[in-house]
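Below you'll find only one chain, the form predicted alone, shown as structure tokens.
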């Protein structure tokens, strides 16, 4: 049996690496266990909201992120048939935050920065290609059993274990917890393209939510390419989702006749869309953070941000529990983060998703009028911006 000094973090994604960074900065040793052989470079989240950037200032990395990312100070809500519905200017939050914008910066690049800074830290160790098989509390801590790539069984003990190992979390399953909620009757097809969508749609923002009763679209600019996210009925097969001709037809329907004979596509991904939250974020000395504890629709860009917020609030509570033996703060943080996942993240992303995918034309018109009315009222618009930017949830 190998013994880890203080904390085992399972999962080397953005949430796990945020946890490790915050913990070692406070003098706590961390052993990280990652099932993959290296950091994932799959495109997933790409939006960093203002309060997340505020929290990350303590790591000294925000300057690099701003330099390498794109500042999106506006976002738009559009209708595929009627055009622009409303535009929201985050610069109105200038009196509320020093970061009145969204930063478009891929999560894998964020993870690379954190891992680079952790790699030589004496309190940090990472084990690659190791899958956690069980987590169990024992008299002097938590025992974690895992299996290495060569089949070797490894057992470690830590004072606390934090599962940040995603929606299929081995830590959460070992605790007997499920993600409770629902799955939408749609899937998202995500394409990367160098096509200049800004030339097709006048005054296009870097972040756009496009309503449609058949195939709603999110159109997001990241540093290198545009990301086009189609909401597709869940009865469309994987083969059809990945079919080149079908992809081209979707893009041409979005762009119109003036588009090229073939729209460039550099990557294709697709996945189901969920709204689910674990019944508990803490069981004894084991905690859940990020997608291990809550998954949500990506409409609004709240998922990764809320996971980072989990990490930044859990870390100091773990440190306090280790240093003075009082873990009441951990109980409070776990309960608070679960409530945020329910009351804020789930509520906002569910509203956004339902508005984007609404099929009834009368309801769509009513939703558009309500959003336009809100956008034209300074007080209501400011409250909306505080909520959508996540500032309201962390203040």
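Predicted model only: the values in this text are computed from it and were never measured. Positions refer to the first chain, counted from 1.
Not pictured, yet referred to below: the form predicted together with a small molecule.
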Quick one: from 29, 367, 353, 47, grab the residue that has a heavy atom within 4.5 Å of the small molecule in the model of the complex.
47
Position in contact with the small molecule when the complex is considered in the model of the complex, options 132, 179, 317, 205, heavy atoms within 4.5 Å:
132
Would you point out which of 275 to 283, 233 to 241, 298 to 306, 320 to 328 contains residues with a non-hydrogen atom within 4.5 Å of the small molecule in the model of the complex?
298 to 306
Residue-level contact is defined here as any heavy atom of the residue lying within 4.5 Å of the small molecule in the model of the complex; does residue 59 satisfy this criterion?
no
Is residue 12 close enough to the small molecule in the model of the complex to count, meaning some heavy atom within 4.5 Å?
yes
Does any part of residue 63 reach within 4.5 Å of the small molecule in the model of the complex? Heavy atoms only, please.
no
With the partner left out here, check for me: in the model of the complex, does some heavy atom of residue 190 sit within 4.5 Å of the small molecule?
yes
